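Next up, structure tokens for two forms of one chain, structure 1 and then structure 2.
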Structure 1
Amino acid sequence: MIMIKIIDAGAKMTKVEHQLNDKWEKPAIKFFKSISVRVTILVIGILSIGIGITITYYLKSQNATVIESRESAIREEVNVLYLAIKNNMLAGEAPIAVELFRELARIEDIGDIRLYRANGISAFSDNSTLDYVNSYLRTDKFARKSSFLPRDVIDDENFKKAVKNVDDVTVQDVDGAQKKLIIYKTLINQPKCSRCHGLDHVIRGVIRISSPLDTMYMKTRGNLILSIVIYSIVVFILSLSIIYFINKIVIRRIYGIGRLVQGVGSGDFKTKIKVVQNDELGMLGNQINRMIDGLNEHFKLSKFVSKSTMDHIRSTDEIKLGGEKRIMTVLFTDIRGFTSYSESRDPDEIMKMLNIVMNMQAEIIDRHGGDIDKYVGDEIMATFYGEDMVLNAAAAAVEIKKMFKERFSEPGNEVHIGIGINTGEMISGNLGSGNRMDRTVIGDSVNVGSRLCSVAGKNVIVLSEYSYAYIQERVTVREHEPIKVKGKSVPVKIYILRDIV
């Protein structure tokens, strides 16, 4: 049996499946769009047409064989009767033939048997044939009879056709309530008959035998109904079986894969497909497992790279070394008083606090559209780009400062932050080697930003004159004495950012 099971390393499959079932809702698929419905319709269609045609053909041919066989049997009866009449008449024993017809009339199963002269009047119903024969016989004439069969005159087209064409006619009268096979057998005026019956006619008479076919038709109809019932049951059972196995082999597994993929979309990279059988869906399961592994790796790696790096990867087909000049804003933060804070605490507590601080800063920067370029110890370097980049960076800085004041101003647990913001032309690009590179920003403007951070006091935000020029209408500042910065021939004017207007 081909199976795909969803497993989780270290957890029982059933548990995971239940968890997934709880979360996962089957998508609403229109009834006729469902694979199981389509396949079922297809299967029922094929079975109905294929087996239907076969059974119909079989039944038709079987019924035709039954009818033919009955027809053949009746023909044999007619031929025997023909021989009996001929031989009785040759011996001049017409009364024996008459008695034969009387006896036959008493047998119900054999049907209706009659003999007519070529003119349509029933034979042995009067002395006219005998008189005609006697006219040919010069001596030893037959005595006239007084006992006759009932007189009957036939006037149907088939009788006339048999006489006209000098041929036997078979009619299947099956349209009415009483179905019957009627055979008109021509009695030929053979050479040895002509001695008595004369030479001027070809046909002496016609035997008409009408045999009921009702029983046979009932039997064939019964066969037909029974076959249709059996056929319907077989199609029903086959259809159910096919639906069951399609559901088990295909649909459930597809739903399983769907649940798994949805879980992956929600960040669950632990659950896997257990491929038990290497069929097509098993191969798909293997591919999906490899894809999940790849996604997991990428997901983990994405935590180690900046947002701009991810954007760059997504938007670039070929990643290569190099960069471009852009006007950007760079924000540096650095924790103040961290050394004294860590002196009296164990490493776990220090790391915990540091992670909280970094996490909160990252969240604020991210919320204001910034991108953390890198962490250097307890220092964060973030970049802002776009029309409101300076205002966004300033807003992030104000919020970080406020957060530090609120959370870390308790005496004995004091931790402060220093923030520097600069705006200017920077080189944004890929730096490193062909196999290992960083996406970052470099340049004097970056260095100035770092320098501003280093000069910023506790919970102080320092803006360069270049950044201030962008947002002077929107912020309140206090001007500070210019500072000397490496790489700049003249001191840079700086401003202490107080708040956003």
Structure 2
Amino acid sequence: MIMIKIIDAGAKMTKVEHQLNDKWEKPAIKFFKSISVRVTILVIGILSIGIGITITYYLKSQNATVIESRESAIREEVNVLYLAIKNNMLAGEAPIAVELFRELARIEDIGDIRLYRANGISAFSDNSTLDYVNSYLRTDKFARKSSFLPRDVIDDENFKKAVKNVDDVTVQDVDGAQKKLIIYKTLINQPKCSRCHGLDHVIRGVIRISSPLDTMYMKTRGNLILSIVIYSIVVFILSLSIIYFINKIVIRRIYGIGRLVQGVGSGDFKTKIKVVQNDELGMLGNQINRMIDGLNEHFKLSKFVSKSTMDHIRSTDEIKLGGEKRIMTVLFTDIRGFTSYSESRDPDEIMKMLNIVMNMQAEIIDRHGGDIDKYVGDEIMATFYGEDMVLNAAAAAVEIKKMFKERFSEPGNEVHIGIGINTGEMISGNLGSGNRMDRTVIGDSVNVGSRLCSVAGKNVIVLSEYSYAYIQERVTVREHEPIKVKGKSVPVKIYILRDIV
């Protein structure tokens, strides 16, 4: 199982984690789009088809076996009845045979039993056979009878088939409301019988036995219903087990990963996944942990590079040495009086103050669309590009100057700032080697901006004539006499920026 573990020396939750616990909610997923439901439906569908086919085959096989068993038993009964009827008829004891048929008809397992002559008329229903025998023997050997069975005439294709083929016929009548097994058993005119009945016919009659199968089918149907009930219970329990398993073993762990990923998106790189099972989700957890470590490293490294460098990394797949020329504005700031300020203070206080100053400047520059290229001691180099690059740089410089006047103007705690701004063609690109690069801007325009910052007095913003040309209608300035800049043969005309109008 994967669970979220706080890797923290104090074992306390971070502010980000508290926010995650407050804000995290399981996503609202439609019922039929839930993984647990879809997997359960799939499994139940497969089980229903597989087990359903198995049960159907089993029940059909069971029914066939039961019918075959019942048919075999009835055939045995028919053979016994056949012998009993034949022996009675050989003795010429028709009354006994009649009484035998009456007794057999009362047995429920046998059902309906009748004897038909070959012409389809029921036997023992009149004296026609007795009259034929007396005529054949030319004597009144057998007295006419007065007790008969009910007269019945059969007109059935299976009966005719048994007479024609002189063979037994079995019929499974299971489609009607009353299910039964019917057997047509031919009574052969054997040599002993032919003494009285003559030799002009092969079949003396056909015994028709109809045995009910309703009880057997009711038991089979009962087994089917019981099987369906048991199967439904098994499927229901199995469905609950699958849903529980998926939710506990899979979904809950996925939610944990989702909670973790949300935390990473909010900047929490301390939370890790505790992997205790070496399964697919465990492997995913290990990969995510490695990803978090990589993101944490990249996040920390991003603090040491400029925004333009990060944008360049995102915009290209391959980082190469080289650059391109473009018109940009560069802004340099340098703290004035920092040396005297630091002489009477301990290093911790100095670094604390320096970090505060740098952080405040960085926030102002970033707010006005600038990008800090580098820090050099107590100096900042920032670049601006775009349509309003000069105006944005000027606005950032004015706000930085105002901030220094408000925060560091007390006697004994005075710190000032000097700012230089220049605009021109610069080379922006990657410098260094294949293993270690630095993305920066270089060129004569950059050097001029740095020189302007050097000549700027306390809380003074110096604009080059090139920058002033872009924003002369938006600012108030004081023109300054041209200054000599190192590397330039001609003095550079500059302006002291007062405010933006």
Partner chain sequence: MKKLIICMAVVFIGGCSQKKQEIFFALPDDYKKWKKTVDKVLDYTVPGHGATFRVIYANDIAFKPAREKDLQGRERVVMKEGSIIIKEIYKRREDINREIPLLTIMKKESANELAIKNWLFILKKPGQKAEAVTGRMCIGCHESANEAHPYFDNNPGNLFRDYLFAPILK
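Whichever C-alpha set is largest while still superposing within 1.5 Å between the two forms counts as the rigid core. Numbers follow structure 1, counted from its first residue as 1. Treat the numbers as computed from the prediction; the structure is a model and nothing was measured.
Of the two forms shown, structure 1 is the one predicted together with its partner chain, while structure 2 is not. Once both forms are fitted on their rigid core, the CA atom of Lys219 lies less than 2 Å apart between structures 1 and 2. Core-superposed comparison between structures 1 and 2: the Cα of Lys401 travels less than 2 Å.
Relative to the larger rigid part, the smaller one turns by 17 degrees between structures 1 and 2, according to C-alpha superpositions. Relative to the superposed core, Ser146 moves its CA by 3.5 Å between structures 1 and 2.
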